[in-house]
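Shown below, as structure tokens, is a lone chain in the form predicted on its own; questions about how it binds or moves come after it.
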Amino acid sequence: MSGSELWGWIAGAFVTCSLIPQLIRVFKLKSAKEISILFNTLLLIGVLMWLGYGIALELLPVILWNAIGAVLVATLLYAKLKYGR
């Protein structure tokens, strides 16, 4: 593993894991009024595009972290639709 690939693994972990505290908070409080649906939608589209990019170039860190990120963002979007009112 090269040094630059290591940075990809580490950066991906930080960005992806940054969603977890928000998800915990939303499901714990059962409230997502403060979450923007536009933000979540755009973020999901962006993450899916990064996933496609990673697949096209066979970049494992990009594939893994964006696949996990897509699930987390989709879950946050679900929570927004369920608890956002």
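The first residue of the shown sequence is 1; numbering continues from there. This structure is a prediction, so every number in the text was calculated from the model and none was measured.
Beyond the structure shown, there is the form predicted in complex with another copy of the chain, which is absent from this document and is the topic of what follows.
- The closest heavy atom approach of Glu58 to another copy of the chain in the predicted bound form falls outside 4.5 Å.
- Shown alone here, Ala67 lies farther than 4.5 Å from another copy of the chain in the predicted bound form, counting heavy atoms only.
- When another copy of the chain is considered in the predicted bound form, Thr75 lies well away from it, no heavy atom lying within 4.5 Å.
- Another copy of the chain is not drawn, but in the predicted bound form it has a heavy atom within 4.5 Å of Val15.
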